[in-house]
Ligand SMILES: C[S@@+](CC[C@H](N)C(=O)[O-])C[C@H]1O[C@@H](n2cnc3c(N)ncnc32)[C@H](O)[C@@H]1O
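Listed next as structure tokens is one chain, alone, in the form predicted on its own.
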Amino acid sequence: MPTLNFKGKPFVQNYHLSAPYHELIPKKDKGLSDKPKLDDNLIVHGDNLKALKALLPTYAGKVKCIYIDPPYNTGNENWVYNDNVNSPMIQDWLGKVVDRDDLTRHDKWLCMMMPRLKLLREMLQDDGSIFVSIDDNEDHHLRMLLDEVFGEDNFVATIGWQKKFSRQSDAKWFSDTYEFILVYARKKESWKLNLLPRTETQNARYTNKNNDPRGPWSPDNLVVKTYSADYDYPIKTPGGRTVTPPSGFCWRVSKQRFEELVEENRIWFGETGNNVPRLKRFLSEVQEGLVPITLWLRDFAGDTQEAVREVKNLLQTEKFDSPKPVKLLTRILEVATDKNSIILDSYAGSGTTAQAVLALNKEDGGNRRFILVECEDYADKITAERVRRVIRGVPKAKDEDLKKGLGGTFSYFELGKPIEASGILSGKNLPSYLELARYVFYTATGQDFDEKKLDEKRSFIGQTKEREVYLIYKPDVEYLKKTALTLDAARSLGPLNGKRRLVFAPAKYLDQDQLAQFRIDFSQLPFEIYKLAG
């Protein structure tokens, strides 16, 4: 497979692995939940690479659909590269605005995208998919990068979205009317695209001109271009006329099958009986939905003007550049999610994705959940505020559901300190018990952490098919200095149930025979978190 090379690639292609985990700090006053929790709808404020890494222990392999709208790298966005990669060349990039005069802007953009896409891939279920909005500035680079990260065999489609309906007369060359949405599956063989609901207009095309007891039908062409001499034969109509396919064409069914269709009253010769025969397609026999096409017009998926109005109507005085319309996100959710899906947007912007999730849940009774990540300072005042308003209700909204409120909850988190072994060793920046438990469990087992199963009183933080996992820890230096896995502590773990026990503690006062007696594999904090992984 051809690969895309760019300046800085050797330093970033595995950066997602070395990036530290960070604490997630709940901010109850900014959310709409009685108690902030990670299995709620989420809005996370912070750098999206760090936030994705922090969410990985809880959501790895659980997300059904990802939508992202990253910077298009037009040269006018003034985005800044800030990934602290350990390379002198990349260190020189830090904190500098990426604009049109930057000759390395495409390299920087790819360096920014690569580790994030790799983490996003880890978040997806095997039957999950990712939709990425982009325009002409980077779509060619992005397609190759996605081929590399997700595998070119997992490419699904490029959707053309009509973002504008009016011509730009001052355009230098062409007036750009479309953007693109690149679609990739985590594992294409496991992914299934939902059909779109049929419309009344589409169903109205089916009528019943001859009162067929099987109900409404629509005439379908019997002629095809793929020529076969065996399928090129004359047909005599009930009115006495003999018809044949046009030159180079043939019928789509054999002569024998055609005669069977006539017997079954599935062929229509017109009201006079002399028309070229057509196949009767019954509405009762067509599939319930429609296969989506790759051209999404504004009537189907909204446009940028509609999106601007939505934000303005919801937030009144706040302005936001280049939002996406709710209708566009709704269409993505319709084709790529089910009623219990988790949807992730790590470039959350104005919060359109959250509104689309809540609105679709309101419409079909679903329990979809959203995870939004936004790094900018407006995460609370715009992103979260929009979600708060659509949940509670917008009195001046034209849509009745939006006026009454879409309902739901969400928890708001901010990124905290990094969780690093050096911090535990020095006693500085000690993580909370919950955050270290999340980090330790996922890192040691590779499985997602379930906060509901944690029992801090007996140091239990979860289990796999093979092991129970325990963490003896408090974010207190004096406690850590004097605490160890003792015989009494081993007995307090409870009765054996056939599984081995993986115990994390600052030290141990048990010999190997005693560890074997209690079926304990010991891992010393902070050095050996990775030792027993798998």
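Residues carry their position along the shown sequence, with the first being 1. The model shown is predicted, which means the values in this text are computed figures rather than measured ones.
There is another form of this protein, the form predicted in complex with this ligand, and it is not shown here; the text below is about that form.
Asks: When this ligand is placed as it is in the predicted bound form, are 203, 335 and 405 each within 4.5 Å of it, taking any non-hydrogen atom of the residue?
Replies: No, none of 203, 335 and 405 comes within 4.5 Å of this ligand in the predicted bound form.
Asks: Want to guess which of 236-244, 439-447, 83-91, 143-151 is within 4.5 Å of this ligand in the predicted bound form, heavy atoms only?
Replies: Correct option: 83-91.
Asks: Is residue 128 close to this ligand in the predicted bound form, meaning a heavy atom pair under 4.5 Å apart or at it?
Replies: Residue 128 lies outside the contact set for this ligand.
Asks: Although this ligand is absent from this view, report whether residue 116 comes within 4.5 Å of it in the predicted bound form, heavy atoms only.
Replies: Residue 116: contacts this ligand in the predicted bound form.
Asks: Given that the partner is absent here, does residue 468 sit within 4.5 Å of this ligand in the predicted bound form, heavy atoms only?
Replies: No, residue 468 sits far enough from this ligand in the predicted bound form that none of its heavy atoms falls within 4.5 Å.
Asks: Although this ligand is absent from this view, report whether residue 40 comes within 4.5 Å of it in the predicted bound form, heavy atoms only.
Replies: No, residue 40 is distant from the partner.
Asks: Which one, 347, 249, 231, 191, lies within 4.5 Å of this ligand in the predicted bound form by heavy atoms?
Replies: Selected residue: 347.
Asks: State the residue from 435, 303, 374, 107 whose non-hydrogen atoms include one within 4.5 Å of this ligand in the predicted bound form.
Replies: Contact residue from the list: 374.
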